[in-house]
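Single chain ahead, by itself, as structure tokens, in the form predicted alone.
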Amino acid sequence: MTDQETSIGKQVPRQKLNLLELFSRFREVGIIVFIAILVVAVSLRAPSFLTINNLTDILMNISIMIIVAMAQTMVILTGGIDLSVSSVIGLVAMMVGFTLSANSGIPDIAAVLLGIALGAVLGTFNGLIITVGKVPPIIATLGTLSIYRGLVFFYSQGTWINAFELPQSVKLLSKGKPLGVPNLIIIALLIAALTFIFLKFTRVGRNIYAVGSNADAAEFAGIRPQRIKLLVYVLSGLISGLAGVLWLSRFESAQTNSALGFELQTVTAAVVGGVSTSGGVGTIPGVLLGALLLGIIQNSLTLIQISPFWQLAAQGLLIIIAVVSDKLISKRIVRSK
């Protein structure tokens, strides 16, 4: 074999590697293309899809998902998962709802802070089980998912909060439009922006990526992985607590089944958006696109009158495709090196 043939043989795998790296780093482009194709296809079938009212409905429907997906993203980046977020939302919504019903004079900001504090306590409990108790995250949060949902029934005694029991100001907390756009959409984008800044421009944010990439190496570099893991679960509970108050405001009720199964949507938004289930890889813009894709799929299936079952099936399929694709890309990159 000549030197020229050898050099050509070395260049081919390197070129493939570059393409794989490019795809893995800018997979958001692929999501955008898929969303564009989906929007065109649905618009041809249902012209009302592209109306301002329908697009606003999509954004309203995914706003709480975006908020909680930010928390879920930070957890997954460390190699963990938080399956209890739906029960945290339900419990916080119920407790804050009963508090407002019994004390109508409570300021809105106090209700929000109460929800955040309750969520932080629940998230701290998750984090302690995982970091101190050494319980795998999926087992720990699966357990607390059931515990917190049981507390919803225990606290409410099987009753619920209706719209007439809530102050009008609380209802406007998510649906008010002082800036011309519903508050819930603005809050979701603000939380996403803060999460982006936190992960990209702070030392703690970079440490979250480091722990997810290689916890042992991170510890060798002076990072304390257990503290970082505890922090992300506290933040997950805190953000989910805020989401619980917004859920109460958005739907003007708190029921025993509030947000039931919502954890699947938050995981789907993160994973489809490019957050690696192995940890250490993922971007906030990708998660936003993942949430938008889910919202468009849910809305379009409703518009063209397809069974709600297919919405759940689509979410499950998206998770499988995203995880399998991520694993295949990672293996090809490792082999090419």
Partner chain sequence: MKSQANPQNTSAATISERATRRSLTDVFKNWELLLVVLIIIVVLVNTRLSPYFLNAKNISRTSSDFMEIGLMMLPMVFIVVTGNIDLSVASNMGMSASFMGLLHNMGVNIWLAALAGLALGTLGGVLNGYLIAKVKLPSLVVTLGTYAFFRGIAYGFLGDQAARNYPAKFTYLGQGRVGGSLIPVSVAIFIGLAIIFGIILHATKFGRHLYAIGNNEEAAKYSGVPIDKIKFSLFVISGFMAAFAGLVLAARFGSTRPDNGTGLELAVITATVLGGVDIDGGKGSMYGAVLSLLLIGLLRFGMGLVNIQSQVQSTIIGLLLIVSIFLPHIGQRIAANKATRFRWKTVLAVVGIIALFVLFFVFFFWSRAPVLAEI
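Residue numbers count along the first chain shown, from 1. Keep in mind that what you see is a predicted model, and the values were worked out from it rather than measured. What we label the rigid core is the largest C-alpha set whose atoms superpose within 1.5 Å from one form to the other.
There is another form of this protein, the form predicted in complex with the partner chain, and it is not shown here; the text below is about that form.
### Contact flag, Thr268 vs the partner chain in the predicted bound form, heavy atom cut 4.5 Å
Thr268 belongs to the contact set for the partner chain.
### Message
Although the partner isn't part of this model, could you tell me whether Ile138 comes within 4.5 Å of the partner chain in the predicted bound form, counting any heavy atom of the residue?
### Response
Yes, Ile138 sits close enough to the partner chain in the predicted bound form that at least one of its heavy atoms falls within 4.5 Å.
### Message
When the contact criterion is heavy atoms within 4.5 Å, does Asn183 count as touching the partner chain in the predicted bound form?
### Response
Result no; Asn183 lies far from the partner chain in the predicted bound form.
### Query
So in the predicted bound form, does any heavy atom of Lys177 sit within 4.5 Å of the partner chain?
Lys177: no, not in contact with the partner chain in the predicted bound form.
### Message
Just to confirm, with a 4.5 Å cut-off on non-hydrogen atoms, which of Leu189, Ile129, Leu113, Leu172 contacts the partner chain in the predicted bound form?
### Response
Of the candidates Leu189, Ile129, Leu113, Leu172, Ile129 is the one lying within 4.5 Å of the partner chain in the predicted bound form.
### Task
Sort through 283-291, 32-40, 305-313, 63-71 and report the only stretch with a non-hydrogen atom within 4.5 Å of the partner chain in the predicted bound form.
Correct option: 305-313.
### Message
Where, within 58-79, is there a heavy atom within 4.5 Å of the partner chain in the predicted bound form? Residue list please.
### Response
Heavy-atom contacts to the partner chain in the predicted bound form: nothing from 58-79.
### Message
How about Val33 - superposed on the rigid core, does its CA move between this form and the one not shown by 2 Å or more?
### Response
Result for Val33: no, shift under 2 Å.
### Message
Rigid core aligned, does the Cα position of Thr56 differ by 2 Å or more between this form and the one not shown?
### Response
For Thr56, whose C-alpha is compared between this form and the one not shown after core superposition, the shift is less than 2 Å.
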